[in-house]
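The chain below stands alone, shown as structure tokens; this is the form predicted on its own.
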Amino acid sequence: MSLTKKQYIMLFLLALIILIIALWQPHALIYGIQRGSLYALIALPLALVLGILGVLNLAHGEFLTVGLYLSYMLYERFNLDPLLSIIPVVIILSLIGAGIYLLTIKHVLKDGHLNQLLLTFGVSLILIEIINIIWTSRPRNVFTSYSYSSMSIGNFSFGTYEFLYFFMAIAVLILLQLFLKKTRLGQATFAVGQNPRGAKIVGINVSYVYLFVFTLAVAILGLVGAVMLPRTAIFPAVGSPFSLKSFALAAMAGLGNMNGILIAGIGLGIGEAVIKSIPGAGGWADIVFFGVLIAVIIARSYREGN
């Protein structure tokens, strides 16, 4: 996982901020790392699709919602622990993702971002309505004893389950980079992302790469959904806010910069947690999140224009 000079600077600044917050608001630091890691974990597959296919997928969060409900269904009907449901959920969601790609996404790859946005927005609405029909809009929960485990350091106590998001985000990031750099299919995927026309000329099956990447991205969301379930109340629109935050992280990190997504996710997660820890300021957390996005985009546009 090689880092650029800019990313090292970002890591140094993040470490400095973490140290200050650890001394001031340790609970906010712990929660921010956990939540920010989840944001990054969800954003990584979106960045993969955006970087390779160039598709703006507004149904990203709804695929996560489907993964959550599939894991819930396996728990409810077969008493299958959410963490044990990871494999079947990933397989089922992969098939759903591949089917939706072949039926819809495949046909708008060259039609521009507007058509892609309209199509994927339609897909997201259909997925939400199907969930409403099958499970209704009633919120649902799953209780597991391990998901509420905690740890104490002196008088300071905190939950430990959600650190799983942090380790999974790092694992998914490393595995994706190893895949892109060390495997033939990964190298072909990287080539397609750089120059699809040139890749096709040298014999790479571009259509297959696109199908594989989209399916892989949806499969990762199935993995995330199963892991989230023990700590998440689910309802049909539960995944929608994650779509917006995933786009925000992808925009802040820059196209194809998966290392940056992890750094930005944790940084913004900590910032969000700090704001929520201030009495009366909790409602400003999302505003700050997207305010940072706007500032980054404006700064980047200004720099490129000079």
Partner chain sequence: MNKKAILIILTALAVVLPFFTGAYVLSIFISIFVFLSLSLSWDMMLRTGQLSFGTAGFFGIGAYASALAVANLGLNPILSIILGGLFSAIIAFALGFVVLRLREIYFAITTLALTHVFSVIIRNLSDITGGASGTILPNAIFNGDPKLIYWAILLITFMVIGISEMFKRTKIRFAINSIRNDETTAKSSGIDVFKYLLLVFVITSAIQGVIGAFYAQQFAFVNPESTFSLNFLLLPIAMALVGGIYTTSGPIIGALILGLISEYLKLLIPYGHLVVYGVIIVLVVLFLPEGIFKSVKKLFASKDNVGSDINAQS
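Numbering follows the first chain given and starts at 1. The shown structure was predicted, so the numbers you read here are calculated from the model rather than taken from an experiment.
The form predicted together with the partner chain exists for this protein as well; it is not shown, and the discussion that follows is about that form.
- Using heavy atoms and a 4.5 Å limit, would one call residue 258 a contact residue for the partner chain in the predicted complex? Judged by the heavy-atom cut-off of 4.5 Å, residue 258 is well away from the partner chain in the predicted complex.
- Is residue 186 one of the residues lying within 4.5 Å of the partner chain in the predicted complex, judged by heavy atom distances? Because no heavy atom of residue 186 falls inside 4.5 Å of the partner chain in the predicted complex, the answer is no.
- Does the partner chain get within 4.5 angstroms of any non-hydrogen atom of residue 24 in the predicted complex? Because no heavy atom of residue 24 falls inside 4.5 Å of the partner chain in the predicted complex, the answer is no.
- Message: Residue-level contact is defined here as any heavy atom of the residue lying within 4.5 Å of the partner chain in the predicted complex; does residue 122 satisfy this criterion?
- Response: Judged by the heavy-atom cut-off of 4.5 Å, residue 122 is in contact with the partner chain in the predicted complex.
- Give a yes or no on whether every one of 42, 162 and 210 sits within 4.5 angstroms of the partner chain in the predicted complex by heavy atom. Heavy-atom distance to the partner chain in the predicted complex: none of the three under 4.5 Å.
- Query: Residues in which of 90-98, 107-115, 170-178, 76-84 have heavy atoms within 4.5 Å of the partner chain in the predicted complex?
  - Reply: It is 107-115 that comes within 4.5 Å of the partner.
- At a 4.5 angstroms cut-off on non-hydrogen atoms, which residues of 231-253 are near the partner chain in the predicted complex? List them in order. Those in contact are 244, 247.
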